[in-house]
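In the block that follows, a single chain appears as structure tokens, in the form predicted alone.
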């Protein structure tokens, strides 16, 4: 007599926290020792840094100059333009978050949270007035309304991209104003020399990133071209620009370029700095894209030709999308480096974020020894934005399946 027994084997139970700790942190005596030492070092650093931030540091140069850190010496009576730009960006970010979801939605929520935190900071109303706090909360409302609009209205992506492009043009118009006497009372002209702080840092980085990408792609394609003249010019430009530091490029565009122009032609110095950063970043971008183009197997090109595609169709539809996908980490790394390189604009007299910090320290003898607080605040701002860019890069890589086999 046999007894049949059905044995049901299910999936193993998911490991709990104790099993995870034992496997990853305490699997051997050496790992246990490293875990204990690392925990002690991290606790020492966190406790010491927290004690300094909360009790020992003097944040008066930061708290008393928030407006300077944000916009530099921009006219106080024209601050409504800055708020109008911030409201516009908040609304578009909310619409984009509701339309595209994913990372854009995460950034929209993070931006709304940042506005809320700034609005409720325990700072004296003398340095952060109630009107500014209410405006910050108004931006949260604008982002929320934009999010609801993006969720409920089927907005096409190209129209939303066009809205972002128009918003940048409107931003430049609001910042600079008009020289026309008929409209000067309503939108007076503000020289770019009075743009500064985080505002100028954003503008330099944004223009450099957006403009250097298509130029870099064209240079990479030109370097791969079969036309000797086009290929030679692209190689000369790329190798020349990559062979000199960014400081040299900034000096050339800011000081030497006006010497070669007619006397009646004058290019704004902020525009000259943007031009130098764009050309510098485009040269490095071209090499990143060229590396991606060379990684595509020749069989892809042969298959495209077998399907009847011509050279440009093969490049634009088959080769280039795959090449850009491969070099996403390198491209984002270049964008991050460009964002940090905006601090070099101080050398040519632009009052970007770091220059504002140095000016604040030197403006008051009592703040000369508080450079650690000022530079720590500036470093935190740069870290937040560079980390956001790196986070977006990882999300894009995950979305396109980069690194998966």
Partner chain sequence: MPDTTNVSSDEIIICRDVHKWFDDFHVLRGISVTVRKGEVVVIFGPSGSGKSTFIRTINRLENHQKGDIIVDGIELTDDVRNIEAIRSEVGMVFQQFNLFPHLKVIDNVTLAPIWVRKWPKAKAEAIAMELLERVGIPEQAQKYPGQLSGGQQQRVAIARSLAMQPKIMLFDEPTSALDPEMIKEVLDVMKKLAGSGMTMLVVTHEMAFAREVADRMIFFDQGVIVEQGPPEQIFTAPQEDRTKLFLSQIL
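Numbering follows the first chain given and starts at 1. Remember, it's a predicted structure, so these values are computed and weren't measured experimentally.
Quick note: we don't show the form predicted in complex with the partner chain, though the next part is all about it.
Among the residues 104, 309, 142, 241, the one placing a heavy atom within 4.5 Å of the partner chain in the model of the complex is 309. For the options 231, 194, 151, 325, the one in contact with the partner chain in the model of the complex, meaning a heavy atom within 4.5 Å, is 325.
Figure note: of the listed segments 271-279, 296-304, 70-78, 207-215, the one touching the partner chain in the model of the complex, with heavy atoms no more than 4.5 Å away, is 296-304. Interface membership of residue 313, defined by any non-hydrogen atom within 4.5 Å of the partner chain in the model of the complex, is confirmed.
A residue is said to contact a partner when one of its heavy atoms sits within 4.5 Å of a partner heavy atom; residue 128 fails this definition for the partner chain in the model of the complex, lying far away.
By the criterion of a heavy atom within 4.5 Å, residue 161 is excluded from the residues contacting the partner chain in the model of the complex. Although the partner is absent here, residue 267 is not a contact residue: none of its heavy atoms lies within 4.5 angstroms of the partner chain in the model of the complex.
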